[in-house]
Ligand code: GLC
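Below, in structure tokens: the form predicted alone, a single chain.
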Amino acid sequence: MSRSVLFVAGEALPFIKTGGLADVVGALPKALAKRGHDVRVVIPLYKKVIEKFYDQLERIGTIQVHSGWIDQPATYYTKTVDGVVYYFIEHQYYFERDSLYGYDDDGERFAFFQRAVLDMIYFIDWWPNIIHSNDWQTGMIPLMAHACYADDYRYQQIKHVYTIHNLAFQGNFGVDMMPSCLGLDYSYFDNGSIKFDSGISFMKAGIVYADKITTVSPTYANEILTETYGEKMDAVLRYRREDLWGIVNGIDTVTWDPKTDPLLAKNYTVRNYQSGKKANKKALQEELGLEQNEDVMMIGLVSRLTNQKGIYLITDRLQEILGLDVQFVVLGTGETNAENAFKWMESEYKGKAVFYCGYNEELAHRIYAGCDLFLMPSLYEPCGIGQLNAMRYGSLPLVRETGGLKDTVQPFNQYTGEGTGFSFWAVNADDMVYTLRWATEQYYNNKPGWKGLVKNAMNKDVSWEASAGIYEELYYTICNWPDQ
């Protein structure tokens, strides 16, 4: 018997990325493939994927997809990377746009995508043991497989895992979408299983109909059971709490490796990190027009500039932060007020602070390598990737104790030397600034303690290896897989 999993998502590296979802769907299948599983991934064929990868894709064929009133062709392509087979679903009108999400017809677009995924299984005659769906864009798959293919036992034998990467993005649409785009009758609305307010929720469908639900850290799994973090889904999540697993994310430690990273000015390991980070700091200062000083503490921020990320805790105290003996490098884009605050910071503190408005993956690597401290004071954070990258590169994270940040960053204990970074608990700019002042004090006046922290952080296992093993254990609970 095979051990096969089909990952379905709205994005995946190495092809397309808007957020942490792409990192997970790019790295976890690869880790599972190394463990001997037949792992495949399917995403839409976006405009940006076509521009970069189209000549590398193999065309499989075209079928007509029927979903409610939708009657449209889907063309399938494939490419294998690192032992993982990727599939791409082409539809020019739905997916060849400048952005991935945020359109008025997102419900229709991803209703088509999900039905095209389920039809693809029949078309290519490959029947996975498990379909692992991710976030709202794929939340209807467990229900559609159950309801729309009820007369085909092969679909009914497939088990379903649904991962919540961020509960705040739920895919909520009008109830009229059920007959028009999903091909579902109103009984699923009337019985409350997918009803959300006066409409329907793709994410709620995934929570209700999947065999198991996961989210991306143990602490976040507990937080979303509460009214504070539950985004009006806490009641249904408490109902499914016995099937809810919190599994912390890892990172791709091949791509993110200061020893081999080709984007750095100087490669380094935990053994020679001091000279390596100084060289990268100096190169980053030169690149960004900062004052040349290899000994100054450099703070990095790589983030979406939104309230969720705790950005306003930072912008409200920029004068206090820049009053310290530090340099501050910010990379990101987001809410206008946040962008304007950082633009003001750069103009007011020339040579000491810089703001790159946008996202630049190559620059992000150099920020992780050149900075000493990485700021991540999120109001909530399902898992977070930035703090894992930062530790890998010896940049100590300063985080708020929430979600995956609490699970992955051990706060510094000055008496025992334990820890991998710094943390504070309250949603409070005073507490953040106090912790930042303390971290600055440690950097300048406790060299042995700082050195120990950096070594702890760089030695921490942030790979997918352990987490892939937990996902494997989860799969075994719903599938009668052989041990080998």
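As the structure is a computational prediction, the values presented were derived from the model and not from experiment. We number the residues from 1 along the sequence you see.
Below, we refer to the form predicted in complex with the ligand, which is not included among the displayed structures.
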Go through 16, 474, 468, 21 and name the one with a heavy atom inside 4.5 Å of the ligand in the model of the complex. 21
Considering the ligand in the model of the complex, which of 285, 249, 219, 315 comes within 4.5 Å of it through any heavy atom? 249
Per-stretch contact check against the ligand in the model of the complex, the hit in 190-198, 383-391, 119-127, 84-92 (non-hydrogen atom, 4.5 angstroms): 383-391
Flag residue 165 as yes or no: does it have a non-hydrogen atom within 4.5 angstroms of any non-hydrogen atom of the ligand in the model of the complex? yes
Does residue 281 reach the ligand in the model of the complex, with heavy atoms at most 4.5 Å apart? no
Any non-hydrogen atom of residue 132 within 4.5 angstroms of the ligand in the model of the complex: no
Does any part of residue 308 reach within 4.5 Å of the ligand in the model of the complex? Heavy atoms only, please. yes
